[in-house]
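What follows is a single chain, given as structure tokens, in the form predicted alone.
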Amino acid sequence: MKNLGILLSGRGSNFVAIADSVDAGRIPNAQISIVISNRADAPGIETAKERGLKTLVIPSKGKPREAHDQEVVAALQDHKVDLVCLAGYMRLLSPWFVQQFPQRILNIHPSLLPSFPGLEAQEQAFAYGVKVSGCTVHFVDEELDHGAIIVQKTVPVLDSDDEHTLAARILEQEHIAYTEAIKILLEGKYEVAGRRLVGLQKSEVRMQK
């Protein structure tokens, strides 16, 4: 059984999608071992409690980044987390944090990276006039919205869209993409070649073992 750790700062709709997929068996042999927020008022923490999951609030306000990150990493390690999933976690992780979980921290971003990194990606895409947008699940590395891409989903930008309707349709695809990405990583049938995540054939998987 693999342990997932969720980090969130807000309502955590992607966390709910992950939890639903775990419960439904779409992410087999996995459980959410801890849900951590840097904000006590994050609605996602209440949702996690209602679902009977272990929760922890580690406030970040007024703390140096490294000190806060050390507390969060310690909690993840205490709960034997195999994979860390960022679900609307509004904190940049320090390089030290990333190094504690190499290629085991996932983030989802509401654009087709490398286009429109950073905040308000849907608004950026809409304002730029792109015809296709989407979402990206990627490994977290030391740079913002930069790590190797695991799953992408495309969403057409309709003439009738505004940034809000586009964001809502992208969010639907985020929920699907995150489940797919977690399943790929937990199955382990891949390797990272440069920036490319490459699926392995059955014979290659056996050789790795």
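Note that the structure is a prediction, hence the values are computed from the model and not measured. Numbering starts at 1 and runs along the sequence shown.
This next part talks about the form predicted in complex with a small molecule, which is not shown.
Visitor: Please pick out the stretch from 67-75, 96-104, 123-131, 81-89 that is in contact with the small molecule in the model of the complex, where contact means heavy atoms within 4.5 Å.
Guide: Heavy atoms within 4.5 Å of the small molecule in the model of the complex occur in 81-89.
Visitor: Contact with the small molecule in the model of the complex for residue 195, defined as at least one heavy atom pair within 4.5 Å: yes or no?
Guide: Looking in the model of the complex, residue contacts with the small molecule do not include residue 195, since no heavy atom lies within 4.5 Å.
Visitor: Is residue 189 close enough to the small molecule in the model of the complex to count, meaning some heavy atom within 4.5 Å?
Guide: Answer no; every heavy atom of residue 189 is more than 4.5 Å from the small molecule in the model of the complex.
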